[in-house]
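Coming up is one lone chain in structure tokens, specifically the form predicted on its own.
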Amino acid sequence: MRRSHWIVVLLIAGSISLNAQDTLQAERNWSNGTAYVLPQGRFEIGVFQPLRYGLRDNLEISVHPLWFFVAPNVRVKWEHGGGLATRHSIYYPTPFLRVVAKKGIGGLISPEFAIPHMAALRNDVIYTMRPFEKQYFSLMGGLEFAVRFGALDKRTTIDFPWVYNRLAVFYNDFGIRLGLDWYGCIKGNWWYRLDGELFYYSGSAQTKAFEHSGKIYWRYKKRWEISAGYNIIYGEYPYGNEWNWFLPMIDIRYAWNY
């Protein structure tokens, strides 16, 4: 092949590669279920979603604003390339548990029990594949540990779906969480997400749980996202095993500085 032909081939290949990278970079917006992080400088926040910020091109930080003042929390996602990322989080639920340890309205725990200072540490590995254009399949595995500065009575559990599964680590030695996530474009501004997560906590209050959700998203430019879907939870609670359905689950997210 002549040298000029090789130059044409290289230019075409380079153009295809750059277009693919630009497409992936654009799709990092709203991609919280994948191993990808937000573009540097972009903020996203939802009514029920965390506040996320692209700190660097490979580093993202997030907090839940509604919970932050009663249950301080922070999560960092670090993208390593090749569809691989690690996620590290810590949360401190003691202020929230002490607020609800009272009689009457808002009381979820008997005030006779003392709530010690404690925190949970969680580390996840996420791997994302792109089997088709604008389609992302992710695998997640993580370990969770609790640090307690005092005894925690087992009768202080809050036996509600979603809440119990996330506080169970404080009544056990450690927790394992495994997840699957399928996220992709239907057409134009319409996207979908299906995910499932398995919880297993080993210890004196051994617990297993499963959560699944499905959502449809509509997006306006790069700033707004409206979602609607459902959530199914299976939990092993102190009073017995139970399935719960939540429908509809509606949320709105807004982004800026992109």
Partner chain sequence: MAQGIEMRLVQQLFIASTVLLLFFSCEPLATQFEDVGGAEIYRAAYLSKEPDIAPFIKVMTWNIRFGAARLPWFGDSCGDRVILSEQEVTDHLRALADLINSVQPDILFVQEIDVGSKRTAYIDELQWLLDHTELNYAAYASAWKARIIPSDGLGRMDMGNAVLSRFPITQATRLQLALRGDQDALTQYFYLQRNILKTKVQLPGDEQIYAVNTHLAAFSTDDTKRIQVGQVLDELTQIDQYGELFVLGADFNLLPPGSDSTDYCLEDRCAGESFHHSGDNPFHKEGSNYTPEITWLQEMYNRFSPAVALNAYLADQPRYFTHTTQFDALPDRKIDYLFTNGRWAPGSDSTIQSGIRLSDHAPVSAKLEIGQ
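Treat the numbers as computed from the prediction; the structure is a model and nothing was measured. Numbering follows the first chain given and starts at 1.
Omitted here: the form predicted in complex with the partner chain. The next part is about that form.
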Go through 80 to 88, 116 to 124, 143 to 151, 178 to 186 and give me the stretch that gets within 4.5 Å of the partner chain in the predicted complex, heavy atoms only. 178 to 186
Checking A71, L108, V74, L139 against the partner chain in the predicted complex, the residue with a non-hydrogen atom inside 4.5 angstroms turns out to be L108
I250: heavy atom within 4.5 Å of the partner chain in the predicted complex? no
Though only this chain appears here, would F132 touch the partner chain in the predicted complex if you measure heavy atom gaps against 4.5 Å? yes
Taking 4.5 angstroms as the cut-off for heavy atoms, does L194 touch the partner chain in the predicted complex? yes
So, G46 and the partner chain: in the predicted complex, are they within 4.5 Å at any heavy atom pair? no
Need the contact residues for 224 to 249: heavy atom within 4.5 Å of the partner chain in the predicted complex, sequence order, or none if there are none. Y230, I232, P238, Y239, E242, N244, W245, F246, L247
